[in-house]
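Take a look at this one chain, the form predicted alone, written out in structure tokens.
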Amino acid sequence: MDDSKKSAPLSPSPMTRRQAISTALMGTGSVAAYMTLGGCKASPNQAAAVLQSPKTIPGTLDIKWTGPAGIGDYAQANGNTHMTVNAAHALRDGGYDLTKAVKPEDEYDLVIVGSGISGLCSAFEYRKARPNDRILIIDNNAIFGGEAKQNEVEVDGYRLQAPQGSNMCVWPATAAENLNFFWHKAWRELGMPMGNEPDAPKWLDAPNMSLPKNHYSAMMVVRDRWPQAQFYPDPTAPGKMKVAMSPWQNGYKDMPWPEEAKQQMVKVDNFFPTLPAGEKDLDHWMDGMTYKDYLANVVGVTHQEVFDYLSPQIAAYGTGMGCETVSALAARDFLGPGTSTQKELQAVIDRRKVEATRFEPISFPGGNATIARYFVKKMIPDAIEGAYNLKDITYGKVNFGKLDKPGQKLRIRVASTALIVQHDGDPAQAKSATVTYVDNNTGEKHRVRGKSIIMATGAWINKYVIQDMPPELREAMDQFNHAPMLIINVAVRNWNFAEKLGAPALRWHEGMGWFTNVRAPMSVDGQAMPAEPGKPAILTFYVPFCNLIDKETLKMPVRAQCITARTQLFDMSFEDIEQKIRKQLGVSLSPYGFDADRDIAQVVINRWGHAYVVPEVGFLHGLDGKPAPREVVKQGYGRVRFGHSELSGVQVWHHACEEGERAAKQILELV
């Protein structure tokens, strides 16, 4: 690396309040509002009404902004790529001329927009009832899966996989089924392994170190099982880092905090809520305040160090934003410290004593990409090479020519961006609706007609694409706010540094990536990534932006916070991000033999502009006696229904399946 790269700052400069206000004024007119995880874009007519602000990202982006995406089936689909952003620019600038009529080219019984886990489960559920109906799934990405995609790289002769986003299941699946926890019946119906098979997969530990089997457990919930090295700037040696090892084990003694802050963090760790007099239930009570208000007013936290410590934990787990922004119930749903009752904790302890309900979180090599691939293989057998087993479905090549083969009952049409969804007549009476989309590769516009439509996409897309939505539905969708996430996969030639540290889990209190861990590789039928410290691995960073925007911004409305964070994500080039993560790892790990120039083989980034709906106060249960906006959206209208994990408020794979299943069942009631 040259000197300019070595001198890059550890973290992006926080946005000023003025920049945040400027961004907020752009509203949904900023380009970030049109980034998608796997669905469609706004129609030019509606976009023109709101896109009067200056360009957030000037010019046309190219591959240098996206950065290298690895190899294999997902090599052109690492998060929101430059192609996705450029398509959004074209929409914003009226680049698609829809004044000329495009006749419907084909008719389907069901058209699904979005091929993430929700969209795939919608198709799967619908086909069980009506196997001979014709279904079309369209998606603007280069491959199916939504956020359930993976990155693949090759380092020193080893092929490595890591998740782009959606990640984590419960193992064995028999325990998940017995507890109905992190479980959906589709798992068994798809023939996914349950854990009691002779050839069930295993997760490998290193020769001298136990490794987490996923990317979340060691962050927060099961932290005592694996040592965690926490890095913070050394106040006595500028440019150097100090380490606090699993600081919760000694009362946070080594953290650079005031003594009272350490005591308050210990109190949070050991706090159990009780329902106040006059309140009906814990969930509704906690949904009525932010996590910060709960910590301050109920637990008694006064020090900002505690809020800053907890924010990236709950944000990366699934809330998208931190203590100041999300409800206490959202933090509770993601097991935030101080939110579980003594009874709930005892139930967990008791379940672990019974073999039938004993489980642990795990990760497939590419995260939940394996689940998406099972859906596709089940419905279009030839779409993934190999037999119908875990090994071939996980590692087999996608046969893209089979996804959209003429004559199939189910077709998946990738690289196709939906522009307009509109009923053929009055929605209350119409028997069909038309979807206008553009082929991302050729720029040609097409129309298809569906007797019914499922929008397996988020509200940030739906409220712009759908033309004849009733006002109350549009009002409900407009209350959804979405936080960005950046997933960085760093392929290293070895992880000897973790063995020398004696810790497979690492956390930083300054820098771009706040947490990572060396993950136990899955072994199936003898195939696995290496588990030895001297061999390659991928370090995955789930990076929220709650600690990367300034404190003044966090005092602003939630929408302004999210837009500010999203703008910051998209303003960074790949080179910016690569330099920062290289320097962060180099500075903190060099005392343990790590050399960033020598030991980092490749960096792949995945930007998700709308990764999580923000479960702010009242999002889950509503306020002032009014229904929660998500419940309004679930009703749908006319021939259109909505199925997306955001409607659960807790965006994990089984909730994505539940929302997809619900939407399919609603459609089946119409036919």
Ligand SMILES: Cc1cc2nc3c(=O)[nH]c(=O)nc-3n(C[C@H](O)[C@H](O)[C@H](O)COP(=O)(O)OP(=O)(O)OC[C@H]3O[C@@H](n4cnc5c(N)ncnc54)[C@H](O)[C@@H]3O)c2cc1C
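Numbering starts at 1 and runs along the sequence shown. Everything numeric here is computed off the predicted structure, so don't read it as measured data.
Not on display, but discussed next: the form predicted together with the ligand.
Out of the listed residues 416, 553, 313, 584, 416 is the one that sits within 4.5 Å of the ligand in the model of the complex by at least one heavy atom. 148 is the sole member of 330, 148, 306, 538 with a non-hydrogen atom within 4.5 Å of the ligand in the model of the complex. Of the heavy atoms in residue 461, some are within 4.5 Å of the ligand in the model of the complex.
Of the heavy atoms in residue 611, some are within 4.5 Å of the ligand in the model of the complex. Remark: residue 122 does not count among the residues lining the ligand in the model of the complex, judged by a heavy atom distance of 4.5 Å or less. The closest heavy atom approach of residue 113 to the ligand in the model of the complex falls within 4.5 Å. Note that among 187 to 195, 573 to 581, 134 to 142, 496 to 504, the stretch whose heavy atoms approach the ligand to within 4.5 Å in the model of the complex is 134 to 142. Residues from 432 to 463 that approach the ligand in the model of the complex with a non-hydrogen atom closer than or equal to 4.5 Å are 456, 457, 461, in the order they occur in the chain.
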